[in-house]
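Included below are structure tokens for two forms of one protein chain, each presented in isolation as structure 1 and structure 2.
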Structure 1
């Protein structure tokens, strides 16, 4: 297990994706509304897109057609290629495939040490 100081906390604006290097691994970081910092492997498990070019969005929801709202308590990271949505909380895809399998982003533990963001790989 290795600990990597990848950036400063002030470099992580809420709702943005920030790329970093954790040793030889390219990762993406994002800071949530509650201040928690999430770290995931930098490639999409679907077809390998670089997630640093993706975006963070609130999860859309609707019970009736054309009445869409957003759930601000649930953010998703969207892949820059196909737009697949992954829960920022868990890294799990929002939609399963037709075999019931959910893609999942590889998640890393994050520690905050003063103003340093430390990723454990």
Structure 2
């Protein structure tokens, strides 16, 4: 396993997407409200969109038309092309794709070493 220092912790604002390189892999990082740092592959598994142009938000749900609720306990990374939402906790898509499959982002282990963010590939 290789360890890559990708950025400083102070350069990761809460709730934002920060692109970085971990060796030859393009990844995206995000810092949660609790301070945890998440790292995922930088391309959407649906059609390859660059996730660095996506956004982080709370999960929105609806059981009936025109009744939307917001789940602040679940943050998602939203793809910029087709709006696929992936859980920041697991990397799994919130809903199935058009073939009924639940896509999943590749997750990377993250370590904090002082003020350095280190990604293990």
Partner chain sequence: MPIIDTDVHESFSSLQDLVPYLPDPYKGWIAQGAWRGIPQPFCYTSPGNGNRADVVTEDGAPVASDYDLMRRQVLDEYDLTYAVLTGYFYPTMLKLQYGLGTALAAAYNDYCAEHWLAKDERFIGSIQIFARDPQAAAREIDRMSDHPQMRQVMLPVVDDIAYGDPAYRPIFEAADRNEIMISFHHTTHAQGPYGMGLHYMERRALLPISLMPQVISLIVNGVFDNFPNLRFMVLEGGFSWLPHVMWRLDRDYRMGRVEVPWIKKLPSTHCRERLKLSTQPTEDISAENWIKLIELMGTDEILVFSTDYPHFDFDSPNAAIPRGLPDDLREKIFWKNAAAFYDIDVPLAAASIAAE
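C-alpha atoms forming the largest set that superposes within 1.5 Å between two forms make up the rigid core. As the structure is a computational prediction, the values presented were derived from the model and not from experiment. Positions refer to the first chain, counted from 1.
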Which of the two structures shown, 1 or 2, corresponds to the form predicted in complex with the partner chain?
-> 1
Flag for residue 66, CA shift 2 Å or larger between structure 1 and structure 2 after aligning core = yes
Please say whether, between structure 1 and structure 2, the C-alpha of residue 111 moves by 2 Å or more once the core is aligned.
-> no
Take the rigid core as the frame of reference and indicate whether the C-alpha of residue 99 shifts by 2 Å or more between structure 1 and structure 2.
-> yes
